[in-house]
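A single chain, nothing else alongside it, follows as structure tokens in the form predicted alone.
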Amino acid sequence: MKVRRLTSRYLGPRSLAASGSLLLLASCATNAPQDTWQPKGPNAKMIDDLQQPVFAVAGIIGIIVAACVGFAIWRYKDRGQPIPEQTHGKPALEVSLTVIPALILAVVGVFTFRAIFDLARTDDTQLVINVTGQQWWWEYDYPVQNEWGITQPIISSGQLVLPIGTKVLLRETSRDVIHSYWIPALNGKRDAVPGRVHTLRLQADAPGIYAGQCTEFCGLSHANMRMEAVALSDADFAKWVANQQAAYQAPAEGTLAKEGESVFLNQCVRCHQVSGLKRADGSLAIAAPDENVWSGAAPNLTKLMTRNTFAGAMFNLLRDACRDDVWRAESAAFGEKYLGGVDESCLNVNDLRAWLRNAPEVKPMYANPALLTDTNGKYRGMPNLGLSESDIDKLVAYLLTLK
């Protein structure tokens, strides 16, 4: 039997064909929520208007260069022929190959500078939201703004909620390392840096959910540090604000949820705040994450079931079918579906229970398990609380009441 030896003669074309096929397949996504080529707001549209002609020009130049290189490789392959005429020392060609790219870059630079300054404007914003990044989740703090009905601060995590057609100013910072906030459909990236405040303007054209991702490597669960922006009509945003400020409703006595409230008070309130929650003696339960968590903060769980995600938007609170129903809702129906929150029939109970059972197992917190706590005994992320299955049942029932 003959065995044909694979040489560069065969490997080259095959490798090229394989690479081309992979590139083609990688560009065929039909459901890409973080697609930079589908702007959903004026700021992202400004970026898209800039990148479209730049990519077109770069593509044309790339094709010309590739064709020239390919021709040179084919035409002047060493076949024993004399060395071809050299172009060194031809000033006209050298000057042309310097001036033409410089002119192209100058034109691109002018439009880029204009876009950068336009995107940096903050004097026309209408709603302010403070955004804080930490390993590995985002906190959203809505300060008092009476014109929007926000009469007391609203603190949430995972999902940024904003009204459509409104210029929203994000004031970004970080509690630990550098993070980077990016929701491609609404604007470009902006770093969140400890000790500094960077601003970013967002505006959504239509109701819906827009996905994003931290884009600055920030530790072990960097890839799990996601975010979503939820855009609502003005009327639906007003309903959301009213609900977020509504008084805490304690579970009814004698219910599983009431038992879950006790478990929460015994275990979770050390780090997580639920506004209005009271202890048995009538005093307000105040979380102390600064005493227990390395970064000094944990997600505020007030109205948790009005969100679609948990654990830094790594997991969905809604089962896939219910979540798809919200994500794919028509603009007119989106607000009603989103504001419906999460009920028992749609709760993604498997992921929620896995998280409560052993959070570090499902979301990496630190590479060395021995360093899950620092020298002062503070946790790095959500710890394994050692809850029994009965306690988890009770907690799930209680969390479902946080609407």
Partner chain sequence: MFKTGSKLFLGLSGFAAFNLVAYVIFVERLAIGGVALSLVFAALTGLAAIVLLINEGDNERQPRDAALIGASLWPLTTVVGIVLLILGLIVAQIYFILGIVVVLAALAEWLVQAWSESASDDPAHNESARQRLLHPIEFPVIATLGLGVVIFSFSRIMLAISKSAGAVSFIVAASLVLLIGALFALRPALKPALVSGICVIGAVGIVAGGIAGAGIGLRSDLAEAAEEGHYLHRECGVEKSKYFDKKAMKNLSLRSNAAAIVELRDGKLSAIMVGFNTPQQLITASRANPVTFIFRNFDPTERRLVASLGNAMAGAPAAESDGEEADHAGKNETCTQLIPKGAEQALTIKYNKPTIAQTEPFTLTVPGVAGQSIEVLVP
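Positions refer to the first chain, counted from 1. Since we're looking at a predicted model, the values are computed, not measured.
Below, we turn to the form predicted together with the partner chain, even though it does not appear here.
Check your understanding: in the predicted complex, which of the listed residues (Ala250, Ala238, Ala246, Ala288) lies with a heavy atom within 4.5 Å of the partner chain?
Key -> Looking at the other structure, the residue within range turns out to be Ala288.
Exercise for review: Consider the chain as shown here, without its partner, and state which of Thr306, Thr125, Asn292, Gln203 has a heavy atom within 4.5 Å of the partner chain in the predicted complex.
Suggested key: Checked against the cut-off, the match is Thr125.
**Study point:** Three-residue site Leu301, Asn358 and Pro383 fully in contact with the partner chain in the predicted complex at 4.5 Å by heavy atom
**Key:** Judged in the predicted complex, none of Leu301, Asn358 and Pro383 sits within 4.5 Å of the partner chain.
Review point. Arg319: heavy atom within 4.5 Å of the partner chain in the predicted complex?
Key: Result no; Arg319 lies far from the partner chain in the predicted complex.
Review point. Would Ala280 count as touching the partner chain in the predicted complex under a 4.5 Å heavy atom rule?
Key: Answer no; every heavy atom of Ala280 is more than 4.5 Å from the partner chain in the predicted complex.
Exercise for review: Find out whether any non-hydrogen atom of Glu139 is located within 4.5 angstroms of the partner chain in the predicted complex, and reply yes or no.
Suggested key: Yes.
Exercise for review: Answer with yes or no whether Lys258 is in contact with the partner chain in the predicted complex, where contact means some heavy atom within 4.5 Å.
Suggested key: Contact with the partner chain, no.
Check your understanding: Out of the stretches listed (259-267, 230-238, 194-202, 329-337), which one is close to the partner chain in the predicted complex, meaning heavy atoms within 4.5 Å?
Key -> Every other range fails; the passing one is 194-202.
Exercise for review: Give, in sequence order, every residue of 162-181 that has a heavy atom within 4.5 Å of the partner chain in the predicted complex, or say none if there are no such residues.
Suggested key: If the 4.5 Å heavy-atom criterion is applied to the partner chain in the predicted complex, 162-181 yields Leu169, Arg171, Thr173, Ser174, Arg175.
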